[in-house]
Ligand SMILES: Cc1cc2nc3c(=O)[nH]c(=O)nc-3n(C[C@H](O)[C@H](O)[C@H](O)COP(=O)(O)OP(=O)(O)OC[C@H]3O[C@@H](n4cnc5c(N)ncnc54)[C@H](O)[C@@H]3O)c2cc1C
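Just one chain is shown here, as structure tokens, and it is the form predicted alone.
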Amino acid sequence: MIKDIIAEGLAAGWRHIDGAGLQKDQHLQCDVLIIGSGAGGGISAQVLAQAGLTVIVVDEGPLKSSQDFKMQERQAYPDLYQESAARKTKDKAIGIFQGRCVGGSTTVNWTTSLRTPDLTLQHWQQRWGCKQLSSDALRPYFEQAEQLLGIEPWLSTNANNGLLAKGCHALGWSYQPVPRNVRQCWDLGYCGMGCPTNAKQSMLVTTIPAALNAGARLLSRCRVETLDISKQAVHGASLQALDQQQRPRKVKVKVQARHVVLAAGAIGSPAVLLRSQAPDPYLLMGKRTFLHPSVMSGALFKQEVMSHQGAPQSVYSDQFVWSDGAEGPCGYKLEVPPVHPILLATKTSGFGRFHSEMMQQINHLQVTIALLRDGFHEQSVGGEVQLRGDGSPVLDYPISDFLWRGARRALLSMAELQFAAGASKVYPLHEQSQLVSSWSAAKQLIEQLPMQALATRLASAHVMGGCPMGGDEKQSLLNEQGDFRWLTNLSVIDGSIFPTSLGANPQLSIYAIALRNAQLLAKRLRV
């Protein structure tokens, strides 16, 4: 019998309000309002509530529990993801996976937990003035997060990851085991649909319950319309209740707070600031938003790979991430994704018989992805969060030639790796691609493919930036503690504060910096 942490907590008296059930307007008060319950919001909620402050956490998504997670893509994507897992950049060229539920993306991510690379922190110190964020200064917070969330290298490798390791080994490329935030994991392989066994140590089953046990209140299915701003200070926020289909209701919620922590993620946080018309004298808000845009390569093997089973990610390679330094050519990290039917069907290029035949071979398919490291080079400036007419956010992310050159090199590396691992055929995901049977044929094909938006398949699950921290007010909205420069009583604690992408999966970086900044904030607010 699997313990339902959420159901037991609610039965024990957790204070939870579901916006879909509200019958009339509400007016609430607290010391700290936290907007968002993902990696930054969840950590902040636990730290601040356990410090004795009255805390309200608000999330636009629903509160779900392990009983709701049925390992079904058709149910999980509309229930747990932004825009039913179909969110895209403004030109539709890059698919973006982001969680929209209590726990945020930590509820649906693939559990990879890597520390911020030293070269990234050095670049932030030298280029962006983040003098306090050295590897030594952050080490205690990484260790604290790893202990809190059970983060350790995962050594049970499925065939999908095993073939990545085999290819790297054959070519003499570096590769390492992936640390994961799990305890007593059943190795099911359905992390992206919510963990049905509570093994994944997401915010849903760790910090949010800890905060609620410490007296915090949770508002789910409530969307922040604007921050309440007057006299250059934030005093709370105005919320709109949502129904069970996430549609706006007429019921409103007003929250008055001494301090607001914005933790709605790297699209949501800039959008709240833009809707609130927060001051932005150097026009930085929403700009320099990064994605780790990822290109993909499929490979058919004679043996079954069964890429949907087992830990989604347990091996990675940094062979090409830092070639010629942080500011050199676009580097890329090699990983694998889980291969489930809807995910494969929506990412595979081609149509008709070809598409059908690829789908029929799903159990023999290995897929490698390459995460492009964006934001370090002057020709990689990222995208911009904008508002549609109805106030909802959209990310405009033009892809520079600098990134396209990296994408082509990445497709070449993945094809070489897959043939080295024993693939019978390789298929670079591109609208003008085809199955090829040798490394030389793949090289000839990839070198001729036009690197263009909507032709090259691209996806992202790592949205970062848009509210950058730093040492120069002309280049950053926040200081290194996450305090908004132009309004008092407002902090931002999530992945939007990164001045570049990371070159590594972001969740552990958010946890560590959130621990640091939330603990500093708690000391200030308790005075």
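One-based numbering along the sequence shown. Note that the structure is predicted; figures quoted are calculated from it, not measured.
The protein also exists as the form predicted in complex with this ligand; that form is not presented, and the subsequent description refers to it.
Item checked: Candidate from 268, 428, 286, 293 lying within 4.5 Å of this ligand in the predicted complex - any heavy atom -> Checked against the cut-off, the match is 268.
Next item on the list: Note which of 417, 442, 101, 204 lies within 4.5 Å of this ligand in the predicted complex, where distance is taken over heavy atoms; exactly one does.
Entry: Filtering the options by heavy-atom distance leaves 101.
Next item on the list: Name the stretch: of 322-330, 92-100, 249-257, 278-286, exactly one has residues whose heavy atoms fall within 4.5 Å of this ligand in the predicted complex.
Entry: Among the candidates, contact is made by 92-100.
Next item on the list: Using the partner position in the predicted complex, report whether residue 60 sits within 4.5 Å of this ligand, counting heavy atoms only.
Entry: Judged by the heavy-atom cut-off of 4.5 Å, residue 60 is in contact with this ligand in the predicted complex.
Notebook entry, point to check: Using heavy atoms and a 4.5 Å limit, would one call residue 299 a contact residue for this ligand in the predicted complex?
Noted result: Result no; residue 299 lies far from this ligand in the predicted complex.
Notebook entry, point to check: Even though this ligand is not shown here, does residue 518 get within 4.5 Å of it in the predicted complex, heavy atoms only?
Noted result: No, residue 518 is distant from the partner.
Check: Is residue 56 close to this ligand in the predicted complex, meaning a heavy atom pair under 4.5 Å apart or at it?
Finding: Flag for residue 56 set to no.
Check: Which residues, if any, of 432-471 lie within 4.5 Å of this ligand in the predicted complex when only heavy atoms count?
Finding: Going through 432-471 in order - heavy atoms within 4.5 Å of this ligand in the predicted complex - the hits are 461, 462.
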